[in-house]
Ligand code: MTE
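There is one chain below, alone, in structure tokens, taken in the form predicted alone.
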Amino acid sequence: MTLSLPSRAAASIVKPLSPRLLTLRDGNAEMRWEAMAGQGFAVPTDRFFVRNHTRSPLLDVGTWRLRLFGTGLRGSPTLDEAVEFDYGDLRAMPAEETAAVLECAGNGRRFFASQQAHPAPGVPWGLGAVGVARWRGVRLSTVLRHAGLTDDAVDVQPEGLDPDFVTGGENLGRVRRPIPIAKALDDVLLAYEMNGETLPVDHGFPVRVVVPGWIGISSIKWVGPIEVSATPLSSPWNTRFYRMFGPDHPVDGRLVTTPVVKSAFELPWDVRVPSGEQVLIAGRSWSGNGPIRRVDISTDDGASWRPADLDPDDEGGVWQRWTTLWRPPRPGRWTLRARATDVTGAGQPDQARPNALGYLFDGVVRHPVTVY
């Protein structure tokens, strides 16, 4: 029997929250990496992480509308004059499917504290605020052209239909974040299916934005209004949040767009394994820069390294599965490490560069194991 845990997350998330698959984090749900053992390339929807700023809204697909407006469209329509598309309109347009990684910019945040003594505010994610799914929908570029895109457009800003986000007593409105027109016209998808099924409520039903290669905040869920502007746009989600602040960063921060290189073991934290027996260790690595080229594994806390075996089916893909064999020589406490290098040569340092809000942790995570 699968149990669901009562919590603040249960009040904001619709799908069952099985403790075997998900860990609750401040009203959000983090994938348990051991739940990916033996799974395929994509993350099954039941264990796909959920990051909500407020709660998952229950929207009526019959009355839902995608509304495009702004000075980057012909006639510069206001929101009241927006060009509208209903669900059926989108389903009637040419569709495509793509595999894409979605990852919260704060994924790995807790390791700033536990490994580097540099705690940061925000959801204390381990490495499970990430997932790959097969997304199906219509290109944003197609919809923009139907709406009357002009050559003057510079920014596109989708806005979610979830409740307003209030922090410190200040109402910041609905979650929204601008996308430069070049990216919007490249590979951005308005998705209505996830892993071959209708998009679930917690993942953006009826339609969400999917921005491949960019951090998760760019992939607005429950999208409704989309502003298309002939001048640059901004929101709290690209000025106050999702910027790198602190020492060694610009005074006004550095915008966070592309995820960094990470690796995770498909093992429970502090798993117990038998001494003297061969253990198959599996995991996955990914990068916002492009495919993974190499993964190295250490079973002795970094004293020595050896290359992992990469799954050839994933070559050139959005993340890379890998395995290695290990025969623990004796009982005791051991530390596993995995580090990856992507096609651009970017890798994982021993220590991540700190920042005030705990974004983009790319350090090598020390995974404890008990050998008995």
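Fair warning: this is a prediction, and the values are worked out from it, not measured in the lab. Residue positions are given as counts along the sequence shown, with the first one as 1.
Although not depicted, the form predicted in complex with this ligand is the subject of the following passage.
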Thr45: touches this ligand in the predicted bound form, heavy atom cutoff 4.5 angstroms = no
Is His203 close enough to touch this ligand in the predicted bound form, meaning at least one heavy atom pair within 4.5 Å?
-> yes
How about His53: is it within 4.5 Å of this ligand in the predicted bound form, going by heavy atoms?
-> yes
In the predicted bound form, Phe85 touching this ligand (heavy atom, 4.5 Å) = no
Interface residue in the predicted bound form among Leu73, Ile220, Val156, Ala264, criterion: non-hydrogen atom within 4.5 angstroms of this ligand | Ile220
Since exactly one of Glu193, Asp162, Asp296, Asp187 fits, which has a heavy atom within 4.5 Å of this ligand in the predicted bound form?
-> Asp162
Decide yes or no: are Val256, Trp286 and Ala346 jointly within 4.5 Å of this ligand in the predicted bound form, with each residue judged by its heavy atoms?
-> no
Among 288-296, 270-278, 97-105, 137-145, which stretch sits within 4.5 Å of this ligand in the predicted bound form, heavy atoms only?
-> 97-105
In sequence order, which positions of 232-249 have a non-hydrogen atom within 4.5 Å of this ligand in the predicted bound form?
-> Tyr242
